[in-house]
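Taking the form predicted on its own, here's one chain by itself in structure tokens.
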């Protein structure tokens, strides 16, 4: 009930500002299908946007079509069937970067939205680095609604106090803390279903490689079979030894893994800052008091980012209603309706400054880091590799989990890079 009142308050407050959102010449009507994986605990932020859209365009029937599953794993399979079958939704959620351009744009399945950027003034409002990730051969193919930070180390301050441990700042400190916690029957680092392992892997890779070599891995400057990559897989194995991967991990969603941290059966979790949205919005915890966050050891000074975006598929049933939706997503009002509830920050450079009081302590710190730190793109969330690579990298992960052979993992990864046309190959 408390959340519902807050949601209504935010939407009502923003309704007074919607006049600044550019209106279309023709009032849209009909049916608009919004296809995403934001269900359950991630749903309220999307619902806030839909309520705002419906108040602006009452003649449009909005269909909130979601496919559940963390990070869109199940969603992508359904989307692929629809897109290839000639039955696209009006618009769908897709991560900025190769998940968008290397999957759907190269297949000529998306409309160029450069005209929309020109009409709405988004070239001045959005960071050039993000626009670059949405661009292919001179065209721009989706509208970003947020920036998420991946690879954050989450914990509960009072739990750490009770166990007599501190947040580790180096990998060696992490391993020492791991032994202390395991001696008390506590899982040092909780992981969940398969995609959360890839999320952890990319964080360890950044820690071991540093930002320059991490970027080089995805652009052809560092071989997947190099000694540096052997070191990544070796270190990943040491980190896994501090997790529940051989116990109940496969049956845990990212929310359930977060619950283990909150409940005190696990000490840390490496997850994106949608975990902040979950702990603040769903669990009612106060950032900085009820839960804490830190850089994963070795990743200080680097912001691993991803962005949720929506585009316009070729053959979308209701093009005008979709364009109205995209205009809202790219507006200050739309981004400030969505991001405070999602745990993310606006991608627009002027949105946070327009109303910083909407954002909690965590989001304020993330906004500061976004503007100051070195940026690298997330693997798991589509920035640096295309969808085919991501599908096959699951097999690479399984090879490693079964063999714990770093050489075998690097060989398999190189093969996947070649087959998918990823990693600069």
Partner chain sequence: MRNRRDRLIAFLMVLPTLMLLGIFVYFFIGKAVYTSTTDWGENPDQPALAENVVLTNVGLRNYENLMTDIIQANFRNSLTNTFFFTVFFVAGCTILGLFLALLLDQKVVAEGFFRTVFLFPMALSFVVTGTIWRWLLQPSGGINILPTLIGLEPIQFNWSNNQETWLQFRWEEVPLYLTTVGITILTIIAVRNVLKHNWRSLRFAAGAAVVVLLVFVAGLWNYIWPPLDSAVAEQAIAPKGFNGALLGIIIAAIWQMSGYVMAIFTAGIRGIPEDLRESARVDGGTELDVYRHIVLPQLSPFVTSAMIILGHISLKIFDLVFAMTGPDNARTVVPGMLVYTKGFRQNSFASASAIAVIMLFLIAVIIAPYLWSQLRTSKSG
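Numbering follows the first chain given and starts at 1. Model, not experiment: these values are computed from the prediction.
FYI, the form predicted in complex with its partner chain isn't displayed, but the following is about it.
Contact test in the predicted complex: residue 184 vs its partner chain, heavy atoms, 4.5 Å: No, residue 184 stays farther than 4.5 Å from its partner chain in the predicted complex.
Residue 248: heavy atom within 4.5 Å of its partner chain in the predicted complex? Flag for residue 248 set to yes.
Query raised in the report: Looking at the partner-bound form in the predicted complex, is residue 394 within 4.5 Å of its partner chain by any heavy atom?
Result: Although its partner chain is absent here, residue 394 would touch it in the predicted complex, with heavy atoms inside 4.5 Å.
Check: Is residue 354 close enough to touch its partner chain in the predicted complex, meaning at least one heavy atom pair within 4.5 Å?
Finding: Residue 354: no contact with its partner chain in the predicted complex.
Quiz prompt | All of 219, 222 and 335 within 4.5 Å of its partner chain in the predicted complex, heavy atom check | solution = None of them does, since no heavy atom lies within 4.5 Å of the partner.
Selected contact from 104, 274, 214, 92, since only one has a non-hydrogen atom within 4.5 angstroms of its partner chain in the predicted complex = Going through each option in turn, the one that passes is 104.
- Query: Which one of 171, 260, 326, 73 is close to its partner chain in the predicted complex, taking close to mean a heavy atom within 4.5 Å?
  - Reply: Only one listed residue qualifies here, and that residue is 73.
Select, from the options 336-344, 225-233, 186-194, 286-294, the stretch whose residues sit within 4.5 angstroms of its partner chain in the predicted complex by heavy atom distance. It is the stretch 186-194.
- request: Let me know which residues along 380-403 have a heavy atom within 4.5 Å of its partner chain in the predicted complex, or say none if there are none.
  value: Counting only heavy atoms within 4.5 Å of its partner chain in the predicted complex, the contacting residues of 380-403 are 387, 388, 391, 392, 394, 395, 398, 399, 402, 403.
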